[in-house]
Structure formats: C-alpha cells, structure tokens
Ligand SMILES: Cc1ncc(COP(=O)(O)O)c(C=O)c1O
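First comes one chain, alone, set out as structure tokens in the form predicted on its own.
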C-alpha cells in the first residue's frame, strides 16, 4: 500500500493536526513580568516574603485548606507531610506502583518503607481493596495518588484509615483544582502535597506546597521545612533537625499570578477532557480512564486511555504513538512499574508475583497512553483532531506493520 493510498503522515501524507495550534506551556501570561519585577523591589526575596505568604494563603483557600507551606518541590512537600504526621523508620506506607518515583522516594527519605499496591483498572488510581490486603501492624499511612489529576477514592481510604488508625497523605502533585465529594483534593486527608514542576497545571519550573487542616501537622511541617524553627519562636532557636525546603519569592510571584487563571483553566480542561473522552470511547480499542461517582472535577493533568493493539491490527503501542505524533498529536506512553527500578524492587511485597509484579499495574504500563494537560487547553476543534488522528492511524494500521522495521 503506497503513501498516497494511506495518506498517513508517517508515510508522507498530510498531518491531521497543525502542531503550531497547540497552546505553549509554560504559559506566558500578560503581567507576569510585572509580577516578577515587583518582587525585585521587595526587601525579602525568600523566607518571610509577603509574596510567598500571599501565595500560600491563596492556594490553601482555593483548595479548602486552612494551612499551606510552599516548598522547593512536590517531593519535599510529601516528605514534610510524612515527617509531620510522625512517619519514620520501621513504618510502612502503602503507595501505588503506577506513579512518579517521588511518591516512593519521599517515603524512603522519611526513613519508612514503601509498600506497593495495585491499581483500579478503571481509574488507574490506587485500589482500596488491594490496599486493604497489604495492611500490617507496621502500616502507618496510605498515600493515594490522584493520578493524572483524577481523584482517588478518598471515601474508601478514609474508611480504611478509621478502621486501622492510619494517616492519609494525598499525593496531589498532578491535581490542582480537582474536586472530590464537593471539596478540592489535597487536604481531605491529614495532609497533602502538590507539585509546580514544569509540566504541571500551574508551574514555576520547580516548586510545591503542603496543605493541611490540622494545626499540629502544620506546626510540625513548619519545623521540617524551615530549618527546625517553630512558627512563633525566635529566629535562631532551632528545636529539631529540620531541613531547608523553602521556595523563593520569584517562584511564588509566578504561581500567584497563574493562580488567578486556575479556575478558568480547570474548567477548560474538564470540558475538553470530557468531550474528548466521549469521542475516544467510540473508537474500538480505545478505553478512557473512568472517574469515581464522588468526583466532581478531574484536574486532567493527563487524559489517560488504554490502547488495545488488537483493534489496530496488532500495531505495537510504540508504533501507534510514533504514527500519532506524525499526525500532530503528541501522546506519551506513561509510567513503568516503580518496582522495575532496582533500588525499589525489594519493596514488591508478598501478594505480588515476583516475576510479573502487580497485574493491573503491568497492564496499565503496557497499554496506557497519555494526552497532556496543555493540549486540553486548546480550542474544541483540536479535540476533534486528536480523535480523527487516532481513527486515521487505526484505518491504516496494517500498512504500518508492513513498513515497520
């Protein structure tokens, strides 16, 4: 079959989508330079900056939280949350194996042991039923990840926490603006951490924030984050071996400026995400991740779907992604199971096959595909373009098998 017959961009045809029409990220918002210049005029560019305090307060209020501490990154926000809730050596923390490595390394940096549990095949989120089977006398916390911005089943995890006297730390790194059971995620558990790394839904290049509604956790986290100082104590009084996890005022200014747009962006991502999922679910072999009934809004850091190669004439996922990219849609393959990393392999516990690991996680990693958050900020016609590009690749998948090397 010739390129003229297939018209696939990978074989010389015209792409479905014009890449120049995708929104740029990070966003270059009007007034951003003025916000940064304002910090230059201030006396404090770091700790005690009024800009940092303004951002902490605004982000906390936006996410139904009483307290916020802006951090160097999301990993440190999780670490501070763990330490502030008393998690340390000898403790086990149950986490998903389908997540970014920081979920596990934060636990290790706290001196605790991560315990991998499987995920829900419908949502890609940590599976409460599998978590229940992994609770031991050493278990002290569960760290559900709101994967891709899609809220985890907090109702089920809160119930487990009540039954077994456990701490809930929300890994909300990908979920600013997500709503579960009528409330923003991040502080529905004991504490939670967000990330502002370059790819995130609001970004300062790096950065993070810890949220909590518990005053005691906030004060303990403050010690961790601010060199062992207390909230109201003298500057050179250090009551514990804390760390310096602080953010700069320049980062806070960038984030505070973007925070004014978070609701608008979240609404656009939600509308486009739901619309695109409706289109994709009508394509044989494509199944989008579902949400729990209590979820009010998915933050859509990622739109995740499962790719069934059998519906594409056996076309491997890597070749499917290559063809999709040529059509102007940049999708990515997603995570590998965390326990494939040699330093994390020892934490794959009993109940998992030591050769194949956690079956749902394995399937998700082999067949999952991601569409990124900034693509969901494009105009509605671009969502149609994504679906059209996938249908086009499916129609001519056999020709790609013929030409694959």
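In this text the structure is predicted, and so the values were computed from the model without any measurement. Positions refer to the first chain, counted from 1.
Form predicted together with the named molecule: not shown, discussed below.
Of the candidates 102, 266, 112, 141, 102 is the one whose heavy atoms come within 4.5 Å of the named molecule in the predicted bound form; the others do not.
Site annotation in the predicted bound form: the residue of 173, 254, 247, 221 reaching within 4.5 Å of the named molecule with a heavy atom is 173.
In the predicted bound form, none of the heavy atoms of residue 211 sits within 4.5 Å of a heavy atom of the named molecule. Proximity of residue 197 to the named molecule in the predicted bound form: non-hydrogen atoms within 4.5 Å are present.
Interface membership of residue 217, defined by any non-hydrogen atom within 4.5 Å of the named molecule in the predicted bound form, is ruled out. Contact check for residue 145: a non-hydrogen atom falls within 4.5 Å of the named molecule in the predicted bound form.
Heavy atoms within 4.5 Å of the named molecule in the predicted bound form are found in exactly one of 279-287, 239-247, 152-160, 94-102, that being 94-102.
With contact defined as any non-hydrogen atom lying within 4.5 angstroms of the named molecule in the predicted bound form, the contacting residues in 72-89 are 73, 74, 75, 78, given in sequence order.
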